[in-house]
Each structure stands twice: as structure tokens, then as C-alpha cells.
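Single chain ahead, by itself, as C-alpha cells, in the form predicted alone.
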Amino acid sequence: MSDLVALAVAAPIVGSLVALVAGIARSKSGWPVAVVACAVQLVVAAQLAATAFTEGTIEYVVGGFEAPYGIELVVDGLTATMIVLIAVVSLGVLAYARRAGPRSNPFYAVYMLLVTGLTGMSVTADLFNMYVFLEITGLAAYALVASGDRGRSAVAALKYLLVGTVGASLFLLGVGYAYIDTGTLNMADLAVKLAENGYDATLTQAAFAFIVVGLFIKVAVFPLHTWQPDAYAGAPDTVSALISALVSTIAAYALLRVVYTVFGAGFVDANPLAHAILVGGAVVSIVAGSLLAISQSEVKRMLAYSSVAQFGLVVAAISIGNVTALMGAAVHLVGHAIMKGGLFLTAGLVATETGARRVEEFDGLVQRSPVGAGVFGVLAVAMVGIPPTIGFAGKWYIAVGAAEAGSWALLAVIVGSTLLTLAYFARLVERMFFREPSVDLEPAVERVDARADGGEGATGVSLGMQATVVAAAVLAVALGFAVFGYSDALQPTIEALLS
């Protein structure tokens, strides 16, 4: 069973190599290769999740070299959640990409490389290997953003590369300080030795600061978010959906994992400044991200700033640090991936069908794109946090966690964030369903926009594109009913994380 942990990382690597080599013999053969690789990974991830939730944590040591000297991979309930999420989202986006594109083999090779990096970040129990997978993820994401054929994509990718490199460098610097302080990089071993050295050691505090700020950049916490709006808005629709659903999500998971597996709740309690960094990042990100989302006129940029605010909620949960709040963080990471990925895919579907990409162009959308308007409306309601969607469940757990901790000011910000989220989604819903169409875009514009966003040769919306966005809307509601059973299964993992 433990060998399956390695297979979860190996399957997308093999898929990436095969997609690249297959392109030599036959162009546009990358999509079926990627589908097979993602399907294999989904089966493996589901098996690992079933075992982790029923039998406990799975541990695997690469090459037989025992930890802390060897590289250790670990799958507990939280890790299992992330790798299943990666497999489901990457396979779902492929169904959309079949028509929407891009369609070249190098694109799918890089696509699978991104899946590899994300999976590796989730399962590794070694801090330096987390950095390696963080870099693989970053390099693949930069290339995917640049895969659009507009200058905007290239500029967005360059900005993402420059800012992302700073984040990765800060993370590596923090890893270096931790190694100098303890002589180990295994997360469990680090936790023991950092506690022995004392939480007030300068090297330990410096390591925490550099690692957290580096991951803040990857998560896109305000004001370190500057790469995100341009990357999401400038990338092809398929890529916007994939990276908005997974890249910052796994970075936020890594932040949670490092804070509580490596440094521990004791470190955060003993260092008020460390706690202040987390709380400050959360509050500023929630408020500023929401206000910036309200001020946007381009739909994809509005969704991007919305992500800045939503990940502020996850950082808030990490700063609270009790079982209920961390449960909320896990639920909100899953919910945000489904909802935001679905919203970006739906925005792409609407643009392909009607040419609408700006807020004012959504007037009367229900008459021009009933499926697009319906799905966008459901996902927007879920993102606001209306019961019984998963968006409500995640915010509910985080708010209850803040109340249990007596963090009343943070609770007020969390509740206020729901009103701010309503402010920028309500105007779109009102335009879609209660106004007459005021913009008449020509079909030619639709096709040009679709090709410009990477849909090489796209001629319209396919059944696969529609099925994918409808599935996202159904999941956003159905997972809201399943979340309480899931939280019972996840609770032992969260309790172990905080022990």
C-alpha cells in the first residue's frame, strides 16, 4: 500500500514524459495521454484516501533510507484530501480543455508537470523536497500562463516568474536557517529539535519569518499578491481555472503544514510576532482583496482579487489554530478550488459563447447563455457562503473557530467578508438575470477571443465544456451536505497536527 504514495507522484511524471515524446510521432496526442495519467492518479489517490481515513497515516521512505536521513512521504487525512482534490480538478479541467485548448503536446507535458509538483508538495515530509516541488510547480505554472498567444500572457508570465522566484527564494532561505539551527530537514525531526532549541532562538524565528513570507507570496496574500490578477486574467481560460483552483490552494496547505507540523502550535503561542504576522496577513488580505474585487470591471480580474480575499480566510483559520478553525481551513480549501475553478471555466464558456468578458457585458446573460448564467449564479451564491453550499460550511467552521478562541475582532472581519463577497457577486447576478442585454457582440468576436485565449481552432462551446461547469456547480452544493461526515473523518488528523 505505501508504494502507492510514490506512484501518486510518479504517474503524472510519466504522463508528462509520454505526452512530450508522443508529440514527435503525432501532434495533438497529448490530451488522451494526460487523461490516462490523471485517471490513474485519481484511482491511486482514492485508494490512499480510503486507507488514510480508515487505517491511519501512511508512511513511505524513498529508497529504503530511514528518516530523518532518507526522503519520507506521508499521507494522512489532510494530505489525502489534497491529492484527491488535485486529481479530480486536473481531470475535470482536461474535459473542458478538449475543445477549449490549448491543444499542443508540450502544453499537456507541462500540465502534467504542474500536477506532479502539486502532488509532491502535498505528500512530502521533508522541507527541502517541499522547496523542490514548489519550484517544479512554479516553473510549470509560469509556462502554462505564457501558453496564450497574446502579449498579455507573456507579460503576466514574466511578472509571475519574477515575483514567484522571490517567494521561492525566501522559502529556501528559511529552510536554510532551519537546517543550520537543527541539522535536519525532515519535518517531524525538525519539530522535535526546534522545540529542544527553544522557540525564542533567533534562527528559529528567522526561519519561520522567511518561510511564511515566501509562502504568503505563493498563496497571494495582500500585498504580496501582485502576480495573481495579471496571471489569472492573462492566461488561457483553461489555465486560469487550473491554477486558481490548485496552485494557491496547495501553497496554503503547505503553509498550514509547515506552521503546525514543523514549528507547532507551541511556537506560535510563544511568539506574539509570529501570530501577528498570520493575523495581519489574513485581515489585510480579506479586506483589501474584497474591496479590489468590487472595483474591477473585468470578470477574470474580479475573480482573481476574490481569491486574494478567500485565501485570507484560510490564513485567518491558520492563525486561530484550533481544531474547528483548521477544519474550516481544509473545507474552504476544497470548496474554493471547486467554486473558483468552476467560475473561471464558466467565465471562459461565457466568453466563447457570447464574447462577454467585462461586468457590463453580462447584462441579460441568461438570455444568451442560459447554462453559463445558471452555473455562474450557483457558484457565485456558493462563494458568498449561502447554505447549504460548501462555501457556507467552510466559512461557518472558521467563524465558529474564531468564536471558540475568543478572537472577536477576527470574527467580525470574517463575517464582514461575507457581505463584501456578496457586494461584488450580487452586481453580476443582478445584471445576468434582471437586465436586458445591452451589448451585442458579433460571433466573429467570440471566435477571435476564444483563439486569443488559447482555444486554437475553437468554434464554440462543446458538451464537455458544459458538463464540466455543471459538475462544478453540482459539487459546490453536494459537498455542502457531505462536509459534516468528512469533518468527523478528518478530526483525528487535525488533533494529531495540533498535539
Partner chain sequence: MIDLLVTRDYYVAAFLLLGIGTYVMIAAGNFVKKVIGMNIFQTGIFLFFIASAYLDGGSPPVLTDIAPYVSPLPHVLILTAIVVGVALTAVALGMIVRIYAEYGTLTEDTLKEVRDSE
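This one's a predicted model, so the numbers in the text were calculated from it and none came from an experiment. Positions refer to the first chain, counted from 1.
One more form of this protein exists, namely the form predicted together with the partner chain; it is left out here, but the text below deals with it.
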**Study point:** Among the candidates 152, 275, 427, 98, the residue which, in the predicted bound form, approaches the partner chain to within 4.5 Å (heavy atoms)
**Key:** 152
Exercise for review: Only one of 363, 135, 404, 298 comes within 4.5 Å of the partner chain in the predicted bound form by heavy atoms, so just point that one out.
Suggested key: 135
Check your understanding: All three of 139, 148 and 177 touching the partner chain in the predicted bound form at 4.5 Å, heavy atom to heavy atom?
Key -> yes
Check your understanding: Is residue 162 close to the partner chain in the predicted bound form, meaning a heavy atom pair under 4.5 Å apart or at it?
Key -> yes
Review point. Does any heavy atom of residue 397 come within 4.5 Å of a heavy atom of the partner chain in the predicted bound form?
Key: no
**Study point:** Residue contact check: residue 88 to the partner chain in the predicted bound form, 4.5 Å heavy atom
**Key:** no
Review point. Heavy atoms within 4.5 Å of the partner chain in the predicted bound form: does residue 157 have any?
Key: yes
Practice item. Tell me the stretch among 187-195, 162-170, 78-86, 389-397 that has any heavy atom within 4.5 angstroms of the partner chain in the predicted bound form. Key: 162-170
Point to revise | Residues from 105-131 in contact with the partner chain (non-hydrogen atom within 4.5 Å) in the predicted bound form | key: 128, 131
